[in-house]
Structure formats: structure tokens, C-alpha cells
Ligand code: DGJ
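Encoded as C-alpha cells, the following chain is the form predicted on its own, with no partner shown.
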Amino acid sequence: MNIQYHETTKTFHLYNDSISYLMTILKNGHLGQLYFGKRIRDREDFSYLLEQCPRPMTACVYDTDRTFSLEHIRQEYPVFGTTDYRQPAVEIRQQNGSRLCDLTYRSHTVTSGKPRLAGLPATYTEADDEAKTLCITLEDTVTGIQADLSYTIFAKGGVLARNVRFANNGAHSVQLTRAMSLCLDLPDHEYIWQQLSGCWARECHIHTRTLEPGVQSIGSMRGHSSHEHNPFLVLKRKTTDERQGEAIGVSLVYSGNFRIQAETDAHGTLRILAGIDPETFTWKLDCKQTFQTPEAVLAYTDKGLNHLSQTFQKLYQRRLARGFWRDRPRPILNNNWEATYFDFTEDRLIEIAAKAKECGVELFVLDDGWFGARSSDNAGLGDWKPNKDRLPNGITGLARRIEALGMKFGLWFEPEMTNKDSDLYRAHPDWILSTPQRSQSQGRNQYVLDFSRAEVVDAIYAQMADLLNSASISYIKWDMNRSITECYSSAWPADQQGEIYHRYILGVYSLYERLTSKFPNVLFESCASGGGRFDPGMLYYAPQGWISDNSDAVERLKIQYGTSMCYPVSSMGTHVSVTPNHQVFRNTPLHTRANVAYFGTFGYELDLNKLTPQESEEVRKQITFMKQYREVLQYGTFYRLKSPFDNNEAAWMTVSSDQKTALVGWYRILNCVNGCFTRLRLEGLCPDYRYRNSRTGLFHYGDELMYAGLITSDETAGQLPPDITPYTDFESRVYVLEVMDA
């Protein structure tokens, strides 16, 4: 790992064992992009990578040089309105109405480690030798605006973390109307674009398209990262697959409105921009004030999509998630929501919890309906005090009874919302986001609290902290069930209303930071009607998230497969739920529901009392299995083997760090007869180790399993014999492969 600056050629070279990143100071003082990709040897002069020539219809920076047009030069942080007609990384509206700026090189520093971002989530280091950070200071001499471009290269992995900090050192305030976190100009556009998109109950489906001339983008203007598009992008070469080939990944560590876009110009070059959505953002930057963009994480591999995903997964698991639960196996839980919804009493909850404990569950979670005047979704949000009609002993008494059973206790909150039928709203009707003299939209009968205001965040913190101080609560499920509309705050002047979306997210982050600091041993799980805010920003505060309200095992194959493109298995909330499933009304076998949910945090979303004795015994065995292997399942190296988007079968696997244990999940969606013989080529095993297959008792060397494959054929390859238990749709297996004699 090193950061070199070659003075004679004004070239920066950031590199480690995996990647190189090259920039240069252009003759107009702007920064030019030279190379990003596989590690190359350092040298003094890489100027040949900066290609220039005169072109028709080109505006040039200098009268005497027809080759120097920013329209045809790859740049690091392009500005609006000069000789570059492509989408810029920054726009600054000044008092005279101009949006032109000229950010030129002033200085740079190199430091060990990685500075924290004030008020924002970001990757981090625990020792200075884990990373180095280059900060390049650019300045616009007319306005006095300073931009500090930060680049952190980690010692291990093909990862570069980037952000930008603006400071107004001038005599007048300005408006930032665009402040992207990352620009990457690439010399060609011969990539396939992959995104994670969907909607409620089918989040993070993988969608693929070919880049064409013009702008293609994903983003959100909903006030949160959204179910529709995850803030993540893959650019892969046409021949790249899970096992081999080049790919670039872009991930934004942010939970609010965002945009990630690709612009292909007429000459085949490609510009990637990532950051806060510019359509819903302005920021008044007064004199002596600063503005910090969110962090963008850039990754490269030449070893296929699994390797790219593992790069993000390892970084986010160890150096984005934080705290007590970061490295610990997650407790197996039982959530009461789909078991009771709002219809429960304290004794009913204890009845459900007692059965869960009998089966081996470690954590019981009380979901919505425990507070205020809450008996439906029409009332109570914002009044975070127990409903004594339902819980006569309060949360303190209920938690005590749960712990007396031998389990930990968890609780649901939705701290960012209120109902109009609540004491909070009646006392503070101006605390919701709403525009004067305009109608107020509602979703799920609720309204969004104005978290851009410190007093609102303080009031919610006080209620939550009082409850956490008074009751033994080990887990919090933090939900958020509607998007922002009428985004106006009565606390801010007219020229700062463009800041409210971002200030809202900063308020969410500040509440998370205060609670996780005050109660460091509490496990937080983020939720936003499922995956509506499942993003890296949330992972910084909550090491796991509820990836979807759709708990159907078949649908979860696609959701979990897609989510694994960027996120670690330890971050994915996965539950076994009742059948018929409450979202798609599908009946799936109990073992398949568990076989999917094993590859996540694992829990149950049902009343175990309603199972048959045989099913209860199966649940006990599932929990025993999960406890035995959950460290490998949650913290092993994860590989996607067969995509549910393309096949009737799906498969994935995880391998322990010592390569002595592997678990393979295999899933057949629809049954067949007289079908094909099937096998899986596995990944990540040690070729020289002998692995015992738990299902067959046979031993195989790792090279056999990786190159010849694991046989998954069953009797459906022919005519099903009459003397075996018939297979059905939605069949699945988990193969345990363990080294007996390494």
C-alpha cells in the first residue's frame, strides 16, 4: 500500500497489491484521471495515458491549444459550464447568478489511517497501517471555495474510499446545487451495467443492461435510499461472470436521496457519478462554513463478481459495521408480528415466547402495537410509552417475564414517524414535515417527523432512552414505513429548504449515534417496510437489517442472492415464517424455509404453538443446526453458485476462514420428472483437503468438488419410485462439507 506523488510529472499513484489509481494535475490546474484497475508498476511518467487531439465543434480552454478541451479529457472532479458539456460533479450558484467555478490544485497531504467523517457514516480503520489517505485541496480563487478531495486506499483488497469536503473561504455565501461524492471517467464504455432494483416485497433484484450513448441512472427522491433502487452499481465486462473477469463496483454510504449514473459520450468514453441526488438538493454555504459529502466506495476486481462482492462484504462487515455485535454470531429470534399483528395481550406474548424458548430460541421480539393508544396503524406513533391496557406491567414487566424464561427481550420502534392521533402531534403539530398552505399527504396513516430540527430528535431520544434505561431491552428493530412528501421545514428559512432532505438523514444518523453510544450492547436492526433503507449508511449503526417484508422462501432466493452482490450475510435479517405465506400465499416446506433463512441472521416470524409436534421437533433441529454452524454461515466467505433469476435451481455456499467447513444451499423451485442429472461446481475449498459430505457420508477432495462438482441429482432424474417420500415443488437441501483429516 502506498501513495506516490511524482513532482516532475505532477502525477499521483495510489496502489496496493490489487489495484492502482492514477491522477495528474492538468496544465489548467484541474485534476485529470489516468487509470483505475489492476495493479501496475509505479513509474515517474504516465503522461501517455492522457490522450488529446483537436476535434470539430470543440471549445478549448486555451486560444493557442486546440487539443485541450475538457470535453475530451478524463477528469477527477469536473465542474459545470466550462469546456466540458458532460454532467458535472459540482455546481456552485454564486450571488451574481453564475454557476461557473474553476477548482484548481493548491496542495495535497498524505496521512496514515483514515479520518472520520463528522456526522456521517463511513468506513474506518482501527490501526494506521490499515490504510493511507490522500487529500487533494482544490480552490476557486474567485469565490474562495475550497474542495478537499479525499482518497483512502486500504492495505488489503481492491478498494478505494472517496469523499469531498467543501469550505467557503470567500466573502459571500454560495449555494451548492450539486456536490457528488465520486466521479470516475473511464476510457471506454464496453461494460454491462448491473443494478439492484425492485419495490416493496421484491427488493434487490438484479437487473442488467447494456450501456448506450447518453445518461443512464438509478436513484431515489423519496427521502430514503428506497425499495426501488439500492445505492450500488456494478460495471462488468461482457465476458465477466461469477468466477472470472473484470468488474468495477460503486457503493454509496448514504441513506437518503441519491443518484448513481453513467454517461457515455459520442466518443465512447464513460463517466460515472455517485452522490446525493442533485434534483432534491441545495446547500447554502455561508462564509467560514463547510459541507461534507457522503462517502463513496469504489472497488475493482479481475477475478469475477463473487470476488467483487466479497471485497465489499469483508470491508462492510469488519470496517463499516461497528460495536459489540460486529463480530458476534447473532441471536436466534422469534418476532410476534405475523403471529399476532396488533391482536395480543401480555399473557399471549408469554405463551408464544415460552414455546419459542422450548424450541431453543434466544431472543423474543415484540413488534408494533405496544405503545400509546396503538391498536391499529391509525394512532400512537410518537408516544413511546407502554399501553398499560395491553401490558399492565409495562415493557419493564414484560421484559422481566421474558428473561425469566431464559431469553433476551427485543422491541420495535418507528421513531421517525407520528400519527395525528397522538399526544406528540397534539402538543407539536409543527413537528412534521409539511408545506404551508398545502395539503398533507399520509402513508400508512402516519406523517414524517422533522428530523432536521434538533429539538425533535432530542424529544424522541429522551423517550427511547427512558425506556431503554428502565427495561432490560437487548434488541431494537428500528422501522420506517413511509417515504417523505411535502419536504418543508418550518424551522428553516426559504433559502435553506433545499437542505431539508439531507438534514433529515443527518438527524436520523445523530439519533442512531446517540443511542448506540449510550446503549452499546443493544443489537439494532434497521428496517424500512423491509428493504426501503437497506444501505451501507444504516450498516454503520445497525449491523443487520430486515431486507424485505416478503418472507416467502422462494421470493427470498432472489432477494438474498441480489443483496449478496454488496452486503455481508451477517447483515441480512432472515426469518422462517408461517404458511401460507402472508405476502404471496405460497405453501413451502418448513425445511426449505429454514434452508433459505440459514444464510442470514435467522429467526422465526410465527407462533410456534401452532405447529404440529412433528414440525416443532423439526424446528428444534433447525435451531440446533443453526447454533452449530452460524459462525460459518454469518461470517464465512460467501459464493453465489447458481442464479434464481436464470434457472429453476439456485445455489450458494459459504466457507469457513480455515477452509475446513463449507455449507452449500441448493434449491429447486419447481419439481420435475425424468429430469437431468445435476451437479454444482463449488468454490473456495482447499484442493488438498478431504471433505466429508454429510448427506452421503462420502469423502471428496476439494479439487473434485470444485472442478468435477458436487452431485445434486435425486430420484426426479428418472421416474420417481413409489417407495420414497415424494418430492414437491420448492425442494431444498443444505450440504455440510467438513474436513475430517486436514
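Just count from 1 along the sequence shown to find any residue number. Treat the numbers as computed from the prediction; the structure is a model and nothing was measured.
One more form of this protein should be noted, the form predicted in complex with this ligand, which is absent from this view; the next part is about it.
- Contact check for R271: every heavy atom lies farther than 4.5 Å from this ligand in the predicted complex.
- Mapping the unseen interface onto this chain, R222 falls outside it, with no heavy atom inside 4.5 Å of this ligand in the predicted complex.
- When this ligand is considered in the predicted complex, D367 lines it closely, a heavy atom lying within 4.5 Å.
- Mapping the unseen interface onto this chain, G530 counts among the residues with a heavy atom inside 4.5 Å of this ligand in the predicted complex.
- With the partner omitted here, the residue from W337, Y512, F281, W325 that has a non-hydrogen atom within 4.5 angstroms of this ligand in the predicted complex is W337.
- Contact annotation: of the candidates D450, D140, D383, D549, the single residue with a non-hydrogen atom within 4.5 angstroms of this ligand in the predicted complex is D549.
- Stretch-level contact analysis of 514-522, 184-192, 479-487, 592-600 against this ligand in the predicted complex, using heavy atoms and a 4.5 Å limit, identifies 479-487.
- Although this ligand is not shown here, in the predicted complex the stretch 433-453 places heavy atoms of just one residue, R444, within 4.5 Å of it.
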